[in-house]
Every structure is written in structure tokens, then in C-alpha cells.
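Presented as C-alpha cells, the chain that follows is alone, the form predicted on its own.
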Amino acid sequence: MFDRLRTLTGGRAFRVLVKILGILVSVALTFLGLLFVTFIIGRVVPIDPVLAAVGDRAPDAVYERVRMELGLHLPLYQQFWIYLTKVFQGDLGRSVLTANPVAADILRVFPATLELATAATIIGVILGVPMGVTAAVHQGRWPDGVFRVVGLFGYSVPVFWLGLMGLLLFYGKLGWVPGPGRLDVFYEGILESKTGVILIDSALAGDWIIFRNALSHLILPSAILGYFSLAYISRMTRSFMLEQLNQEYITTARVKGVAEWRVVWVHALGNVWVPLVTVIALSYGNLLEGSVLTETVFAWPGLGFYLTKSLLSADMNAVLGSTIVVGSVFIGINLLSDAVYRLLDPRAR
């Protein structure tokens, strides 16, 4: 059968088809593994989902009825199958905290996290890549030392402490930025939400007053989170650049009299972008997942803030649903970075 298919489609097309099928199978198995892990977590944590739903003062008859409705009396394999069926139908359960479907809650809060993580990643790339390149070019000299200390500080200092200090200094003392939240209270509820990203929605509506207010609220939390991204990206860029600057093609370019800026920023950095894409993608995924503390400090109504409140309220449906979304985002980002990697590097194709 495979020989006939290879003959009909051609050798190269057949290899592409096999590779695509392999990727799809790998993604499917990864997603099933993610669902299995979240299912097990939901069963081993010392939180009774029935008590979370009915309260600890509910009669025994109510407790048993809800337990039957949730399917917790069934064997684990049947519970897992029901769990899989509901997830593939887009049903992540109902939140105890908000009484809304978890999927609807996540669709409401995730754009805020996406907005924050995207702004932080842009800051990390715009500042981190030049810092890493400069540090590599001046290896062992004072620019290298300064940028390495800056990166080490970003790695070492807890992000919640930076957030608190940033609020104390730039909001409390200097008054340069507004307080926590995405908008001032006066502007909340005025703008019609189309994408969930306030900057985009206000720009589409032509409401530049709300746009400026939302941007001013975004500056400090995205800068704090972007500093963490900057530290990682600059360090990896420096490492990649040092490797490239020692290659023979760089020596050949210098011998031929190519300008130093072109050797560094065109030839060396051009090859660095290939592995750097994966680094930036993973950094972006980490920001989408790891913005919990930043969102909590700045009362940013995103997925991290929602997850924190759900954990404190023992709302396991919301916790597990958020975990599935974050894991799915990581899978998607890895696939996208792999595709971009293949586009940038012909050797990977």
C-alpha cells in the first residue's frame, strides 16, 4: 500500500506527507499526555470537587447527588473517557468561583495575558538582542560585564519584588504611571470588546483617549515582565554570537575587507536568528504561563490572575482548564517555531 502511494504521489511528496502525519501524531500524543496529567492532578489533589460545588454544610443526599452528576462514582478509566469527550467538545466544566463555563471565562481573560506577554516579548527582543550582540562583540570588556550583570539581575531578582518596587517608585512616589489594572475605573465598560485586547479594540474604534490610558497602564507591568525576557534573550544571543564570531566564514569576511558592522549585524546575526527564533518562542510561551505573579501584583485581569483566584477558591475546574490552555499554547508555539526554523534554515528542510 505504501509503495503504491509513493508511486502515485512521487518520492518527495510522499516524504512530506509522512512527515506531516508524524507531526500530527506527535501533537496528538502530546495533547493526550497533557490531558492525562491534568486528569490525574484533578484526582490526587486533596480537594473534594463535590464539597467545592455544594459547600461543607450540604446534606448527605445533596452531596451524593452531585457526586453522581459529576461521575465521580465511576471507575477511573470511565471518568477519563468522559473527561476526554468533554474537552474535545470544548467543555472544560463550570467554574465554582464565577458560575460560568470555564471555557467562557478563559476566552474573556486570556486576551489580557496575550496583550501583556506580547508587549513584554517585544521589549525583550528589541533590547535583549542588541545587548547580547554588543556583549559578544566586546567579550571580556566593560560592555560585556555591564550587560551580563544586567541579565544576571533580571534572572536573580523575583519578578513580584520588582513589580512591587516599580509600583512604589513609579506610581506611588513619582506618579509617572497609573495604578494597577488595565484601565482607569472611569473608562471601564465604555469600549465594546471585539478582540479582548484593549489596545486593538480602542484603535479600531478610533478612541485614542482609551488607547493612551490602556497603554499607560501596560507600560510598567510589560516592562517588568519584559526585563525577565530581556535577561534570557540577551544571554542566549551572546552565547550564539560568540559561537558564530569564531567561525571561519567570519574570518574570511574580515580578510576580504567587509565592514565590521556588516560582519557582525548581517553575517553573524543572520545565522544567529535561526536558533534564536526558538529561544524567543519559548520565552514567549514562558511569559504566557509565568505571568501569574506579575498579574497578581498589578491586578491585571488575565489568565494568571484568574488562575490565582481559582487556586485560592479551590476551583479545580478552572485550574485544570487553565492548565490545558497553557499546555496547548506551548504545543502551538513549538509547532510555529519549528515551522519558522525550517523557513529560515534550508538545511532543516
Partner chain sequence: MKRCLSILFAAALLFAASAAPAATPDNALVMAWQFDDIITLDPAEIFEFSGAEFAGNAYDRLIGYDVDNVEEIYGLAAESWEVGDDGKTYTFKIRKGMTFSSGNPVTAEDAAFSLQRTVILNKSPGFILTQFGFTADNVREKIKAADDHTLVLETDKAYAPTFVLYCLTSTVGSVVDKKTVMAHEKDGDLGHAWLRTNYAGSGPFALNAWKASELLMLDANETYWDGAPAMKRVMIRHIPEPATQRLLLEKGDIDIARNLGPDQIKGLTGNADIKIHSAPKGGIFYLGFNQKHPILSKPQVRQALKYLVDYQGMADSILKGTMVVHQAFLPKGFLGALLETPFSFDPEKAKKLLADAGHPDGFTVSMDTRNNFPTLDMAQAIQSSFAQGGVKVEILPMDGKQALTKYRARNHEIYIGRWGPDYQDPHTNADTFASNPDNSDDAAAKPLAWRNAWDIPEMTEKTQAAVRERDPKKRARMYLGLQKEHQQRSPFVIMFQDIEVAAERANVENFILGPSFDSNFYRFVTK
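Here, rigid core means the biggest group of C-alpha atoms that superpose within 1.5 Å across both forms. Here the structure is a predicted model, which means the values were calculated and not measured. Numbering follows the first chain given and starts at 1.
Heads up, the form predicted together with the partner chain isn't pictured, but that's what we're talking about next.
Of the residues given (L114, V279, V96, L242), V96 alone sits with a heavy atom within 4.5 Å of the partner chain in the predicted complex. Distance criterion of 4.5 Å from any heavy atom to the partner chain in the predicted complex singles out I219 from the list L162, I219, V274, V197.
Although the partner is absent here, R43 sits far enough away that none of its heavy atoms falls within 4.5 Å of the partner chain in the predicted complex. Though the partner is left out of this view, R182 does reach within 4.5 Å of the partner chain in the predicted complex, counting heavy atoms only. At the 4.5 Å threshold, heavy atoms of F186 reach the partner chain in the predicted complex. Among heavy atoms of R212, some come within 4.5 Å of the partner chain in the predicted complex. For the three residues F36, V326 and I333, a heavy atom within 4.5 Å of the partner chain turns up in the predicted complex in no case. Stretch-level contact check against the partner chain in the predicted complex with heavy atoms at 4.5 Å: of 281 to 289, 23 to 31, 318 to 326, 296 to 304, the positive one is 296 to 304.
In sequence order, F160, L164, L167, L168, Y171, G172, G175 are the residues of 153 to 175 having a heavy atom within 4.5 Å of the partner chain in the predicted complex; the partner itself is omitted from this view. Put the two forms on the same core and the Cα of L282 is off by less than 2 Å between this form and the one not shown. Comparing the forms between this form and the one not shown, the C-alpha position of A299 differs by less than 2 angstroms, with the core used for superposition. Superposed on the core, the two forms differ at T308: its CA moves 2 Å or more between this form and the one not shown.
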